[in-house]
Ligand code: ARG
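We begin with a single chain expressed as structure tokens, specifically the form predicted alone.
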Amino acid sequence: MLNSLLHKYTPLLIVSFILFSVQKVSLSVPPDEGMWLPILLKELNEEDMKKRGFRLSAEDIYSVNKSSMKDAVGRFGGGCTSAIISNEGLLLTNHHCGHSYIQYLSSLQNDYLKNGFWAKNKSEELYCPGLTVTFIVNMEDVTKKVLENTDNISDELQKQAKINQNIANIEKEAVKGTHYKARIFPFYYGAEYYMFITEVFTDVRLVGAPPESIGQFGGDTDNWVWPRHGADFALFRIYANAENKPAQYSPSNVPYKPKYVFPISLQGVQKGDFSMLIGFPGRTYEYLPSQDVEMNVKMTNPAIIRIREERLKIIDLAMRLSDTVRIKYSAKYANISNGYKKTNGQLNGLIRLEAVKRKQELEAQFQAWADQQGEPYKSILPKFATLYSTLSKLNLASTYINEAIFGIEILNYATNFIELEEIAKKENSTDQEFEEAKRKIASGVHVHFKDYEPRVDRKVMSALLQIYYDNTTKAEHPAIFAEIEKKYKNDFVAFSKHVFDKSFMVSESEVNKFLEKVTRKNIQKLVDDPAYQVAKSMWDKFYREIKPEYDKQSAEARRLNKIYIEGLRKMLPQKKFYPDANSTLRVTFGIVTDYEPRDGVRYEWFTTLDGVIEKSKSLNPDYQIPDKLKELHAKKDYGRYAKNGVLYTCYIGTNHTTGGNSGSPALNRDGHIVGINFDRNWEGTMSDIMYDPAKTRNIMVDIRYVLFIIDKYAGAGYLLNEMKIIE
């Protein structure tokens, strides 16, 4: 619960950068940089795309008058992308995007992670509770409406409150009387606002997934690394009601009939080919000041790396010793590791590219320009310097709370009970409110404990509490730390044992018993619970002391950033400024090509099944593959999916991507799927901050390898009959 709130209120945890040459600012974005809004493609990008080799038009990608590619690109769950590939709602995404749902459906008896899953017909497809797929119906610039009656409000928090009120009214009116949803997003720190009308499908079922040893071949060893060889894909299907509209799960639902379906090409790709992705990139921060870069290089990123490294070490050992723990923690471990490795690569990239220095060079040019312009631009950079002297400390404190304290599962879970205590102690609260709060907790009990192992979390607690204590000031310690010091002499191993021995929150049955018996007048058992006491103490520390000042400073940072980016756009009128990624639909384009990760080393742009076999001969468990795949390789039984006897597995391109682009369809110059985006190279992980054309590469699985696994390995070739395949 707190994790999501902290992400909401911590927009400055990641830094940004505007690419420029060594000596002076470039007046144009490098041809492959940028995450572009589909609605603006014709105006800003169509000409550049055609120069790169694109043979269609901007309207083929985004149109309100006819079906277009945007109608077949869905946001998969809360953080990935997917593509429609059949007239029966068949959906293609990454294995790692579907991993948590595959894991949820798995058990020791039916280990779909280890063995894979293939429905032989639609009746065998497995419903995935909680999974949604969201499509964009329309986009609209609503800047004037959102900012109406806000010019005379000087207080930033009050102004934002008025903006939020305007947004709520506009969204409500936009979808009145329809089944659609509306969401308005800010761009350029609130200089512009766009509304997205969406259609959200909630009946989504697992159709097929290769075993983890194929779908995520290379595991943590190869994550964020090129060369890659994984067939990172999974198939799902969207179901709708008889009217082809979204509906809750029902056996009577039927496969969704989409507005647009992507054709699939077996022609493959070559070096220099046009490459385009459409997807929902999560977050980038391209236009923040040098102080933010320095804050992350020196403070935030090192803290995240240190904390996650400790968590991974504990969980990894537990998973290796128990298959039960492995299944429970597989998705969690992958999530923690993913962020850890990315943060590490990002830090190294920032240092290698001297990001702080280069940002300062840009700011020197901006200041020279601003001195000629006067206010409001002239004083922006000095104000940033003053602001970050305070904000950096608040940011680090928030990072340690989010990563260390609430990286402990039992404490994160305990925050769900805070509302229960507050209602019980509130004078004018009602029994109905209390019972509703209980129902909210009860609805998530089984989901939490299904993938929870107290003996693992206890070790994590003792380690992370120690890290928090050692790396924060006394002023940042919650009140409970005084008791730990007095009673346990700061022995966090002993204290963690006490918490897990005495808390009812370590057991699903005990939590259910508590919820059955607790009343508004009998809340003391919750108040006395040691896990709850730690969580509540830290919650109070954050919300009463840290967050109010953090909110104030963050609001000021947003105000300054809005003016700063406005000034940059005026200073560089020839430059095409793309907005930061914010989980809205974007198009990115580039070419297929190789790169040099370091002096004297060059990586090819593609990999093959031969590389899979070569890696599988090592003792690394991340490289072990099923015997059947080895047999297909030995016989060269590749069907129509090889070229000149070679089965290509993955390839790379210069597309500008970030988290959320996982699962994005990789398209050729004719708009046909030739791959699926699933990762970036380690040397390019700083592309959220600084796009480096020489080293930034996105990684895609070749669609021919995907079809080979479906057809030749899994024997599920019947699924290909639904697809439009171009030989």
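Predicted model only: the values in this text are computed from it and were never measured. Throughout, we count residues from 1 along the sequence that is shown.
Another form exists, predicted together with ligand ARG; not displayed. Remarks below refer to it.
In terms of contact with ligand ARG in the predicted bound form, the residue from Q291, S496, N395, Q216 that brings a heavy atom within 4.5 Å is Q216.
Put simply, of F406, Y329, W224, F201 only one has a heavy atom within 4.5 Å of ligand ARG in the predicted bound form, and it is W224.
Among residues of the shown chain, H96 is one whose heavy atoms approach ligand ARG to within 4.5 Å in the predicted bound form. In the predicted bound form, ligand ARG lies farther than 4.5 Å from every heavy atom of E483. In the predicted bound form, E310 stays away from ligand ARG, with no heavy atom inside 4.5 Å. In the predicted bound form, ligand ARG lies farther than 4.5 Å from every heavy atom of N166. Note that among 333 to 341, 68 to 76, 445 to 453, 406 to 414, the stretch whose heavy atoms approach ligand ARG to within 4.5 Å in the predicted bound form is 333 to 341. With contact defined as any non-hydrogen atom lying within 4.5 angstroms of ligand ARG in the predicted bound form, the contacting residues in 667 to 684 are F678, D679, given in sequence order.
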